[in-house]
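The chain that follows stands alone, in the form predicted on its own, written as C-alpha coordinates.
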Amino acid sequence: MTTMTTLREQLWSDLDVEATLDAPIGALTWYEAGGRAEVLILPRTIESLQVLCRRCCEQGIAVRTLGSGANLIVDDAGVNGVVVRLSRGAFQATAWPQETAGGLAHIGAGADLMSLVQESARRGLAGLSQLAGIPASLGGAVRMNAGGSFGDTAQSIHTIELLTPVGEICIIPKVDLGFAYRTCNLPAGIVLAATVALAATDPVKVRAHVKEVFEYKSRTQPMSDRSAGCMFKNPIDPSTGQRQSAGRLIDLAGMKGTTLRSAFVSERHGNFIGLHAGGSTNDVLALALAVQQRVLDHAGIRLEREVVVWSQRGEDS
(Lines give C-alpha, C1' and ligand atoms only; values in the text may rest on other atoms or scores of the structure.)
Protein backbone atom coordinates (compact mmCIF):
# COMPACT_ATOMS: atom_id res chain seq x y z
CA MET A 1 0.00 0.00 0.00
CA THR A 2 3.05 2.28 0.19
CA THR A 3 2.82 3.10 -3.51
CA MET A 4 -0.70 4.47 -3.26
CA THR A 5 0.05 6.34 -0.05
CA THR A 6 2.94 8.03 -1.84
CA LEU A 7 0.94 8.79 -4.98
CA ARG A 8 -2.25 10.04 -3.34
CA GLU A 9 -1.10 13.68 -3.51
CA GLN A 10 -0.48 13.36 -7.23
CA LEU A 11 -3.52 11.28 -8.13
CA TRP A 12 -6.57 12.43 -6.23
CA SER A 13 -5.96 14.71 -3.23
CA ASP A 14 -7.12 17.81 -5.17
CA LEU A 15 -10.12 16.08 -6.80
CA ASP A 16 -13.78 15.88 -5.76
CA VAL A 17 -13.67 12.23 -4.74
CA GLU A 18 -13.96 9.91 -1.75
CA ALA A 19 -10.95 7.63 -1.42
CA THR A 20 -10.33 4.59 0.81
CA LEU A 21 -6.91 2.99 1.00
CA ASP A 22 -6.67 -0.78 1.44
CA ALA A 23 -10.38 -1.04 0.66
CA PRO A 24 -12.24 -4.36 1.24
CA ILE A 25 -13.81 -4.54 -2.23
CA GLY A 26 -14.48 -8.29 -2.02
CA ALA A 27 -17.14 -7.51 0.55
CA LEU A 28 -18.88 -5.29 -2.05
CA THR A 29 -19.43 -8.18 -4.45
CA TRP A 30 -22.38 -10.56 -4.36
CA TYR A 31 -20.11 -13.26 -2.96
CA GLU A 32 -19.34 -10.92 -0.04
CA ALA A 33 -15.84 -12.39 -0.08
CA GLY A 34 -12.47 -11.79 -1.64
CA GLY A 35 -9.54 -9.46 -1.21
CA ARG A 36 -8.84 -5.75 -1.03
CA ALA A 37 -7.90 -2.97 -3.43
CA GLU A 38 -4.97 -0.61 -2.97
CA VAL A 39 -7.46 2.22 -3.21
CA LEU A 40 -11.19 2.54 -3.86
CA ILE A 41 -12.24 5.90 -5.30
CA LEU A 42 -15.78 7.25 -5.57
CA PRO A 43 -15.72 10.31 -7.86
CA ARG A 44 -18.49 12.85 -7.42
CA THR A 45 -18.07 14.54 -10.81
CA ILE A 46 -17.21 13.46 -14.34
CA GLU A 47 -14.45 16.08 -14.41
CA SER A 48 -12.73 14.54 -11.39
CA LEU A 49 -12.91 11.09 -12.97
CA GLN A 50 -11.43 12.45 -16.20
CA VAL A 51 -8.43 13.90 -14.40
CA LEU A 52 -7.96 10.77 -12.29
CA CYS A 53 -7.97 8.50 -15.35
CA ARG A 54 -5.52 10.72 -17.19
CA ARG A 55 -3.13 10.77 -14.23
CA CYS A 56 -3.35 7.01 -13.75
CA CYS A 57 -2.65 6.50 -17.45
CA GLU A 58 0.41 8.72 -17.23
CA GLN A 59 1.67 6.79 -14.18
CA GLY A 60 0.91 3.36 -15.67
CA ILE A 61 -1.54 2.56 -12.87
CA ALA A 62 -4.35 0.10 -13.60
CA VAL A 63 -7.93 1.38 -13.22
CA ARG A 64 -10.84 -1.01 -12.72
CA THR A 65 -14.53 -0.15 -12.47
CA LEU A 66 -16.66 -1.80 -9.80
CA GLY A 67 -20.38 -1.88 -10.53
CA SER A 68 -22.88 -3.81 -8.44
CA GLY A 69 -20.37 -6.62 -7.91
CA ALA A 70 -22.82 -9.23 -9.21
CA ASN A 71 -20.76 -10.73 -12.03
CA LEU A 72 -17.40 -10.48 -10.29
CA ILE A 73 -14.99 -12.55 -8.24
CA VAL A 74 -12.19 -10.76 -6.41
CA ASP A 75 -9.27 -13.07 -5.75
CA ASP A 76 -8.54 -13.51 -2.04
CA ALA A 77 -5.14 -11.84 -2.54
CA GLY A 78 -6.81 -8.64 -3.76
CA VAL A 79 -5.84 -6.32 -6.60
CA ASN A 80 -3.29 -3.64 -7.34
CA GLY A 81 -4.08 -0.17 -8.65
CA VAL A 82 -7.18 1.98 -8.51
CA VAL A 83 -10.74 0.71 -8.29
CA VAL A 84 -13.41 3.24 -9.24
CA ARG A 85 -17.07 2.99 -8.24
CA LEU A 86 -19.64 5.24 -9.92
CA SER A 87 -22.02 5.52 -6.99
CA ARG A 88 -22.15 9.29 -6.55
CA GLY A 89 -23.61 12.36 -8.30
CA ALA A 90 -24.02 12.42 -12.06
CA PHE A 91 -23.16 8.75 -12.44
CA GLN A 92 -26.48 7.82 -10.81
CA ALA A 93 -28.69 10.36 -12.61
CA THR A 94 -31.55 9.35 -14.89
CA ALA A 95 -33.44 11.61 -17.31
CA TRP A 96 -36.62 9.80 -18.35
CA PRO A 97 -38.49 10.58 -21.59
CA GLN A 98 -42.00 11.96 -21.47
CA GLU A 99 -44.32 9.18 -20.35
CA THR A 100 -46.78 9.87 -23.15
CA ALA A 101 -44.22 9.91 -25.96
CA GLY A 102 -41.57 7.37 -25.10
CA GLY A 103 -38.18 8.04 -26.66
CA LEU A 104 -34.71 8.06 -25.16
CA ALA A 105 -33.75 7.93 -21.49
CA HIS A 106 -30.30 9.17 -20.49
CA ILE A 107 -29.05 7.01 -17.64
CA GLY A 108 -25.84 7.19 -15.62
CA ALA A 109 -23.69 4.07 -15.72
CA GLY A 110 -23.81 3.67 -11.95
CA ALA A 111 -27.61 3.39 -11.84
CA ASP A 112 -28.98 0.11 -10.49
CA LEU A 113 -30.50 -2.01 -13.27
CA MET A 114 -33.20 -3.65 -11.16
CA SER A 115 -34.39 -0.25 -9.93
CA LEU A 116 -34.42 1.05 -13.50
CA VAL A 117 -36.59 -1.86 -14.61
CA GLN A 118 -39.09 -1.22 -11.84
CA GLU A 119 -39.23 2.53 -12.44
CA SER A 120 -39.63 2.16 -16.20
CA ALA A 121 -42.53 -0.23 -15.61
CA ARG A 122 -44.14 2.25 -13.20
CA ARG A 123 -43.88 4.92 -15.89
CA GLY A 124 -45.35 2.66 -18.58
CA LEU A 125 -42.14 2.58 -20.62
CA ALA A 126 -41.31 -0.64 -22.44
CA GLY A 127 -37.73 -1.57 -23.29
CA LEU A 128 -36.13 -2.78 -20.07
CA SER A 129 -38.57 -5.38 -18.75
CA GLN A 130 -36.60 -8.24 -20.34
CA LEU A 131 -33.86 -7.48 -17.79
CA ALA A 132 -36.02 -7.95 -14.69
CA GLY A 133 -34.19 -9.66 -11.85
CA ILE A 134 -30.70 -9.13 -13.27
CA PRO A 135 -28.41 -7.59 -10.62
CA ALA A 136 -26.11 -5.08 -12.30
CA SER A 137 -25.25 -1.44 -12.73
CA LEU A 138 -26.20 -0.12 -16.14
CA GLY A 139 -22.54 0.22 -17.11
CA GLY A 140 -21.83 -3.38 -16.17
CA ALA A 141 -24.92 -4.58 -18.05
CA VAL A 142 -23.70 -2.78 -21.18
CA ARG A 143 -20.17 -4.12 -20.92
CA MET A 144 -21.24 -7.77 -20.74
CA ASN A 145 -24.53 -7.39 -22.64
CA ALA A 146 -26.35 -8.82 -19.64
CA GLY A 147 -29.47 -10.78 -20.36
CA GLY A 148 -31.35 -14.02 -20.05
CA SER A 149 -34.11 -16.08 -21.59
CA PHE A 150 -36.26 -13.02 -22.31
CA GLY A 151 -33.68 -10.77 -23.98
CA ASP A 152 -30.56 -8.72 -23.37
CA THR A 153 -29.28 -5.21 -22.78
CA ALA A 154 -28.41 -4.60 -26.44
CA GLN A 155 -32.10 -4.54 -27.37
CA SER A 156 -32.52 -1.20 -25.62
CA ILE A 157 -29.21 0.62 -26.12
CA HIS A 158 -29.09 3.63 -28.47
CA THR A 159 -25.69 5.14 -27.61
CA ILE A 160 -23.15 4.99 -24.81
CA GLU A 161 -20.79 7.60 -23.39
CA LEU A 162 -17.30 6.26 -22.79
CA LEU A 163 -14.42 7.83 -20.89
CA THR A 164 -11.15 6.74 -22.52
CA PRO A 165 -8.07 5.90 -20.43
CA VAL A 166 -6.60 9.31 -21.30
CA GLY A 167 -9.67 11.13 -19.98
CA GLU A 168 -11.52 11.91 -23.22
CA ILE A 169 -15.28 11.39 -23.60
CA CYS A 170 -16.68 9.84 -26.74
CA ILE A 171 -20.21 8.93 -27.84
CA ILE A 172 -20.51 5.49 -29.43
CA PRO A 173 -23.67 4.44 -31.31
CA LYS A 174 -25.07 0.95 -30.83
CA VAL A 175 -24.13 -0.10 -34.36
CA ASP A 176 -20.43 0.34 -33.51
CA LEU A 177 -20.55 -1.69 -30.30
CA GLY A 178 -20.80 -5.12 -31.91
CA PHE A 179 -23.18 -6.54 -29.32
CA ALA A 180 -23.24 -10.33 -29.19
CA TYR A 181 -24.03 -13.03 -26.65
CA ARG A 182 -22.70 -11.76 -23.29
CA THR A 183 -20.19 -9.43 -24.90
CA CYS A 184 -19.64 -6.31 -26.97
CA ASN A 185 -16.74 -4.60 -28.71
CA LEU A 186 -16.44 -1.87 -26.11
CA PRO A 187 -13.16 0.04 -26.34
CA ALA A 188 -10.93 0.39 -23.29
CA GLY A 189 -12.32 2.89 -20.81
CA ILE A 190 -15.19 3.50 -18.40
CA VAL A 191 -18.85 3.64 -19.41
CA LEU A 192 -20.23 6.93 -18.07
CA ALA A 193 -23.83 6.74 -19.28
CA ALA A 194 -26.11 5.33 -21.95
CA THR A 195 -29.13 6.48 -23.87
CA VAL A 196 -31.79 3.79 -23.84
CA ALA A 197 -34.66 3.51 -26.31
CA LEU A 198 -38.02 3.18 -24.55
CA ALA A 199 -41.59 3.16 -25.82
CA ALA A 200 -44.69 4.43 -24.02
CA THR A 201 -47.26 1.72 -23.50
CA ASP A 202 -49.81 0.41 -21.02
CA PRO A 203 -48.12 0.35 -17.57
CA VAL A 204 -50.17 -2.71 -16.63
CA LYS A 205 -48.67 -4.66 -19.54
CA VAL A 206 -45.12 -3.62 -18.69
CA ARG A 207 -45.55 -4.53 -15.03
CA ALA A 208 -47.05 -7.90 -16.03
CA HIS A 209 -44.01 -8.66 -18.18
CA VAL A 210 -41.62 -7.66 -15.41
CA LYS A 211 -43.49 -9.98 -13.06
CA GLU A 212 -43.38 -12.82 -15.60
CA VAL A 213 -39.63 -12.49 -16.11
CA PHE A 214 -38.89 -12.18 -12.40
CA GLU A 215 -41.07 -15.14 -11.46
CA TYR A 216 -39.33 -17.29 -14.08
CA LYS A 217 -35.93 -16.41 -12.62
CA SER A 218 -37.17 -17.06 -9.08
CA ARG A 219 -38.42 -20.53 -10.10
CA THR A 220 -35.28 -21.58 -11.94
CA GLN A 221 -32.36 -19.83 -10.22
CA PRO A 222 -31.00 -19.84 -6.65
CA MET A 223 -31.51 -16.12 -6.15
CA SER A 224 -30.97 -16.24 -2.38
CA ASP A 225 -27.50 -17.85 -2.61
CA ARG A 226 -24.24 -15.92 -2.45
CA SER A 227 -23.19 -16.26 -6.08
CA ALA A 228 -22.09 -14.24 -9.08
CA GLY A 229 -24.98 -15.36 -11.29
CA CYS A 230 -24.29 -17.79 -14.14
CA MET A 231 -20.69 -18.94 -13.85
CA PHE A 232 -20.34 -20.06 -17.49
CA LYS A 233 -21.58 -18.92 -20.87
CA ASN A 234 -23.95 -21.25 -22.72
CA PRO A 235 -21.70 -22.94 -25.30
CA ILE A 236 -22.51 -23.50 -28.95
CA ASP A 237 -23.47 -27.06 -29.85
CA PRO A 238 -21.09 -28.00 -32.69
CA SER A 239 -23.69 -30.28 -34.28
CA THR A 240 -26.49 -27.68 -34.47
CA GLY A 241 -24.71 -24.33 -34.23
CA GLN A 242 -27.16 -23.35 -31.49
CA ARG A 243 -26.34 -22.49 -27.90
CA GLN A 244 -27.03 -25.16 -25.35
CA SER A 245 -27.53 -24.84 -21.62
CA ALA A 246 -24.32 -24.84 -19.60
CA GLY A 247 -26.42 -25.73 -16.56
CA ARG A 248 -27.75 -28.85 -18.27
CA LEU A 249 -24.24 -29.93 -19.31
CA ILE A 250 -23.08 -29.51 -15.71
CA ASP A 251 -26.06 -31.52 -14.49
CA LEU A 252 -25.43 -34.33 -17.02
CA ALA A 253 -21.78 -34.39 -15.94
CA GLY A 254 -22.93 -35.16 -12.41
CA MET A 255 -21.67 -31.94 -10.83
CA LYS A 256 -24.93 -30.57 -9.45
CA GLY A 257 -24.66 -30.30 -5.67
CA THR A 258 -20.89 -30.85 -5.66
CA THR A 259 -19.04 -29.06 -2.86
CA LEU A 260 -15.42 -28.00 -2.48
CA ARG A 261 -14.67 -26.65 0.97
CA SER A 262 -16.79 -23.45 1.26
CA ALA A 263 -18.08 -23.45 -2.36
CA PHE A 264 -20.90 -25.51 -3.85
CA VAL A 265 -22.69 -26.08 -7.15
CA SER A 266 -26.35 -25.17 -6.72
CA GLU A 267 -28.89 -28.00 -6.55
CA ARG A 268 -31.42 -25.75 -8.30
CA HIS A 269 -29.29 -24.65 -11.26
CA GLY A 270 -25.94 -26.22 -12.13
CA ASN A 271 -24.54 -23.02 -13.63
CA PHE A 272 -24.54 -21.26 -10.26
CA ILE A 273 -21.66 -21.73 -7.83
CA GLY A 274 -22.54 -20.55 -4.35
CA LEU A 275 -20.38 -19.70 -1.37
CA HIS A 276 -21.09 -20.23 2.30
CA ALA A 277 -20.76 -17.27 4.66
CA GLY A 278 -17.14 -16.63 5.53
CA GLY A 279 -15.95 -18.69 2.58
CA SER A 280 -13.09 -18.14 0.16
CA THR A 281 -13.33 -16.98 -3.43
CA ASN A 282 -10.35 -19.24 -4.15
CA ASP A 283 -12.69 -22.14 -3.32
CA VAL A 284 -15.15 -20.83 -5.91
CA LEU A 285 -12.42 -20.61 -8.54
CA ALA A 286 -11.16 -24.09 -7.74
CA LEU A 287 -14.65 -25.55 -7.99
CA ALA A 288 -15.28 -23.71 -11.27
CA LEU A 289 -12.13 -25.32 -12.70
CA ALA A 290 -13.31 -28.74 -11.50
CA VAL A 291 -16.68 -28.20 -13.19
CA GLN A 292 -15.00 -27.17 -16.45
CA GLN A 293 -12.82 -30.27 -16.41
CA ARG A 294 -15.71 -32.63 -15.64
CA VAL A 295 -17.85 -31.22 -18.46
CA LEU A 296 -14.89 -31.42 -20.84
CA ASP A 297 -14.30 -35.05 -19.89
CA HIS A 298 -18.01 -35.93 -20.11
CA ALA A 299 -19.18 -33.95 -23.14
CA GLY A 300 -16.00 -32.83 -24.87
CA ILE A 301 -17.01 -29.19 -24.43
CA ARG A 302 -14.85 -26.61 -22.68
CA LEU A 303 -17.08 -24.15 -20.84
CA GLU A 304 -16.10 -20.49 -21.02
CA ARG A 305 -16.44 -18.53 -17.81
CA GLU A 306 -18.93 -15.66 -17.86
CA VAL A 307 -17.99 -14.29 -14.45
CA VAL A 308 -15.09 -11.82 -14.42
CA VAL A 309 -12.18 -12.49 -12.07
CA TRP A 310 -9.96 -9.74 -10.66
CA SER A 311 -6.55 -10.64 -9.33
CA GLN A 312 -3.10 -9.12 -9.02
CA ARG A 313 -2.36 -10.58 -12.45
CA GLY A 314 -5.07 -8.37 -13.96
CA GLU A 315 -8.64 -8.97 -15.18
CA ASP A 316 -9.48 -12.43 -16.43
CA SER A 317 -12.90 -12.69 -18.04
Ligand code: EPU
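Keep in mind that this is a model prediction, so the values were computed, not measured. Residue positions are given as counts along the sequence shown, with the first one as 1.
From this point on, the text means the form predicted in complex with the named molecule, which you will not see here.
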Selected contact from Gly124, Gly229, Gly78, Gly89, since only one has a non-hydrogen atom within 4.5 angstroms of the named molecule in the model of the complex: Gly229
Among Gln221, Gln155, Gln118, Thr164, which has any heavy atom within 4.5 Å of the named molecule in the model of the complex? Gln221
Please determine, with the chain shown alone, which of 89-97, 210-218, 156-164, 192-200 has non-hydrogen atoms within 4.5 Å of the named molecule in the model of the complex. 210-218
Closest heavy atom of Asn234 to the named molecule in the model of the complex, within 4.5 Å or not? yes
Quick check on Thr29: any heavy atom within 4.5 Å of the named molecule in the model of the complex? no
Contact flag, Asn185 vs the named molecule in the model of the complex, heavy atom cut 4.5 Å: no
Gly247 versus the named molecule, in the model of the complex: is there a non-hydrogen atom within 4.5 Å? yes
Could you run down 237-275 and flag each residue that has a heavy atom within 4.5 Å of the named molecule in the model of the complex? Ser245, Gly247, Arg248, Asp251, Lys256, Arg268, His269, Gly270, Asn271, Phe272
